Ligand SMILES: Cc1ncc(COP(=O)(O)O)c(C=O)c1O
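Next up is one chain by itself, shown in structure tokens, the form predicted on its own.
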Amino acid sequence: MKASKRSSVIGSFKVMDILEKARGLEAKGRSIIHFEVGEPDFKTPRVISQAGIEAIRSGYTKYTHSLGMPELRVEICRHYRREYGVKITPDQIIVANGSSAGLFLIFAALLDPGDSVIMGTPHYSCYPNYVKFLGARTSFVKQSEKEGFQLLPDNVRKKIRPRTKAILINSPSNPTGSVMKPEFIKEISGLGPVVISDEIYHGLSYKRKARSILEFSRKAFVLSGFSKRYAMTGWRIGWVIAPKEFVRPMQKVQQNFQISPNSIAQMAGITALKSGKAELNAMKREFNNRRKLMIELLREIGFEILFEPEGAFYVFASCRFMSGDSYSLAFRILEEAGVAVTPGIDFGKAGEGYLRFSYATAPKNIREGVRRLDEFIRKNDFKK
């Protein structure tokens, strides 16, 4: 028996290769510092968790509407009015089992075999795999560290072809932490193809506020959710805001492949949007402190960081003084130093020569992890 061709075109999620190896070493008694995983170490705010517990006690454990609970969709509308001053309606919203499931719904409703999607590179590891899986193609626009990893509209324009269906943007960005300039978002929104805006890291920007695509265009899809900002990765709950003509096609995909989003997580999501702002702000302040600490310590041990991340919780730092093979280097660092980092190649060819460091961990772990890295660099006599 042979696996399908569709499944064989998808590469591994390299950060998971690192994580699984790290867990194996921990099972053998090794101490591992985790800089690889993009997951807040904070607990879900108590008021949100209590809402989930109460949902179970109250019997909210059945299928919901396939678009998501009406109450949650109303709260999402209110959230966008408060945060961005834009008016959306509940019939534009599809609640999904995490933003990853939401992205699949978008691409499934939008792409036919042979269509293409433009996206920047370095990019979130999984983006191209959604496109490949559906038989479409990806056109990459290189983003330069010297230009703050910005997706430049002129470079996007050069990639547009007759079968270009969408332009995918991600701000704040994974892996670079770049926050797009509003004038670039506005210009890209007017280039013709529909824009898919991954806004999962909104609420986690430290120098300037991240802007939503909906402030500039309604010919757009917004992808977001609760995982990062609300420390709810395991709850698997997110949403898509879509042009109305795409809602029914996406709904049919959801009905067939997911039935409906998680009922308990939806009840917790309603509370998340209504309450817990003090805890959310405290988490954001702490992430910013960790961001500054990680940048400072990495520079002290020889990493060149030309661009300081402005959002999310990652530092994307050049590792070329150690190796041009980031994948092999990441495994060496894990084995020899007990520090798990993500190889830049996981984020496309333009990511080669970099390592991604997540500062979604306690300051004591950041200090210890960088100390181990320094020891690794000195032991191997890498020239800084």
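All values reported here derive from a predicted model rather than from experimental measurement. Numbers for residues come from their place in the sequence shown, where the first is 1.
Beyond what is shown, the protein has a form predicted together with this ligand; the following relates to that form.
Taking non-hydrogen atoms only, K228 approaches this ligand to within 4.5 angstroms in the model of the complex. Using a 4.5 Å cutoff between non-hydrogen atoms, R236 counts as a contact of this ligand in the model of the complex. This ligand in the model of the complex comes within 4.5 Å of no heavy atom belonging to F107. For the chain shown alone, N174 is a contact residue for this ligand in the model of the complex, at least one non-hydrogen atom being within 4.5 angstroms. Think of it this way: in the model of the complex, this ligand has a heavy atom of just one of N262, S99, S212, T138 within 4.5 Å, and the residue is S99. Interface residue among I118, I200, M267, I94 relative to this ligand in the model of the complex, by the heavy atom within 4.5 Å criterion: I200. Across the options 285-293, 200-208, 108-116, 74-82, residues that bring heavy atoms within 4.5 Å of this ligand in the model of the complex belong to 200-208. Looking at this ligand in the model of the complex, residues Y124, Y127 and N170 each place a heavy atom within 4.5 Å of it.
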